[in-house]
Ligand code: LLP
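Take a look at this one chain, the form predicted alone, written out in structure tokens.
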Amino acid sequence: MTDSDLKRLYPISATINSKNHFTIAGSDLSDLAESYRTPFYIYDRDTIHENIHRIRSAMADFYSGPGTIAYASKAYLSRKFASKIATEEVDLDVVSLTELRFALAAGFSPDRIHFHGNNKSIEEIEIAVDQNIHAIVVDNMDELLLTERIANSKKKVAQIWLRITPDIRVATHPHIETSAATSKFGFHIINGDAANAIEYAVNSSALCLTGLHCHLGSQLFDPLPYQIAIEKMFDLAINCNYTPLELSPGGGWGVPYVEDDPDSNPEQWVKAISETITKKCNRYQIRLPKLILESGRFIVARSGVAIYQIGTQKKSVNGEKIIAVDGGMSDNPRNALYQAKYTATPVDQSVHSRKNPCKVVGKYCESGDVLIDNVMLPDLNYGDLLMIPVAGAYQLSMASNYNLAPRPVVLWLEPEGKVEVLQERENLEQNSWWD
């Protein structure tokens, strides 16, 4: 492992101690494995704090209007993790009733919460209206009418954004692209739905349209699509004689997962967005809206590491070395869903044998249960610990109980070896399935 890889892919507190073991925030991962058993995940506080600081500093440098950051809770959320994020003074995007309840229980004030989703239930909208959350992000006309009806029934005014689909393609996996003309999300511009929604919302006495939102997709490294989307949203709004008080161009800014991935520079992203908004506002002679930048992956992906224990090993008939670990697609389905790439390294860095190409697989009864298709690893033994970095986003939040596997324990690490359990390992024998 090079110093460059350590700085790009691992938590900022990651080091190798005198035993040649990986440590994070002063905790030896081998010691944590003895205490908590594998598989387990860690989140590094300092990395999360630093990533939020980078986005916030870039907004201060490049955007002269008001602005804030919203953490996209779908990347990962638990009750205790919500409490940690709440201390960072960011807003929170939620997409379900449980996420909303976690947010409120963790101390997020309703005016820092945005409720997303393309098919919100009546109960979800009712609670969002009752709680006076900052924005119900309305996705379609059915939902717009439903929100209006619920607000009317409660004699309240619901504060909303409209999710606008700019009908553009972006360079990412089709399953995480959300802005094309075929997308299931949002009011499309090209067919007139977006203009009709703005007109309806502006004229409704039960709705307060404060802003527009869009989301292009995930794992983007080019700011140009954001600029195009912002231009389209401003042109749409002005053509409808509407001036947004708030604008959210979404999130999705990418992070490197393997050595060959490009660097992730949020300053470039924030600068391009800020300059485009400023240019459009100057052109139309309107005031700068409040800018809300959503970020889930960039904030937490690098802060997370997954640690597994190696089990059986074999060679396939074509000579490929296959290493099985005690987790897999139940805690990380991203390779199976998106062909996502990862790297791995032993927790014990004293192994210096020549590296060979390996496939890292899980233990579950599914051919697609592959964590890493190809990675160079030294010779390892049964029981050795293997760590996979950049594991903080869209792994645990998409985890399952396939083969009735329990979800792993999740740890929060702070400097000087401070460890806190964010999420206990599941005990399915205490689940109703067992009864």
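Residues carry their position along the shown sequence, with the first being 1. This structure is a prediction, so every number in the text was calculated from the model and none was measured.
Omitted from view is the form predicted together with the named molecule, to which the following refers.
*Asks:* Should Gly251 be counted as a contact of the named molecule in the model of the complex, where contact means heavy atoms within 4.5 Å?
*Replies:* Gly251: contacts the named molecule in the model of the complex.
*Asks:* Taking heavy atoms and a 4.5 Å cut-off, does Ser218 contact the named molecule in the model of the complex?
*Replies:* Yes, Ser218 lies within 4.5 Å of the named molecule in the model of the complex.
*Asks:* Against the named molecule in the model of the complex, would Pro223 count as a contact residue? Criterion: heavy atoms within 4.5 Å.
*Replies:* Pro223 lies outside the contact set for the named molecule.
*Asks:* Contact with the named molecule in the model of the complex for Lys232, defined as at least one heavy atom pair within 4.5 Å: yes or no?
*Replies:* Lys232: no, not in contact with the named molecule in the model of the complex.
*Asks:* With the partner removed from view, which of 304-312, 201-209, 252-260, 141-149 is the stretch that lies within 4.5 Å of the named molecule in the model of the complex, judged by heavy atom distances?
*Replies:* Answer to the contact question: 252-260.
*Asks:* Candidate spot Ala72, Arg163 and Arg297, all three in 4.5 Å heavy atom range of the named molecule in the model of the complex?
*Replies:* Contact check passed for all of Ala72, Arg163 and Arg297.
*Asks:* Work out which of Met376, Val370, Ala33, Met398 lies within 4.5 Å of the named molecule in the model of the complex, going by heavy atoms.
*Replies:* Partner contact (heavy atom, 4.5 Å) among the options: Met398.
*Asks:* Quick one: from Lys120, His188, Arg334, Lys280, grab the residue that has a heavy atom within 4.5 Å of the named molecule in the model of the complex.
*Replies:* Only one option qualifies, and that one is Arg334.
*Asks:* Can you name the residues of 81-120 that have a heavy atom within 4.5 Å of the named molecule in the model of the complex?
*Replies:* Those in contact are Asp93, His116.
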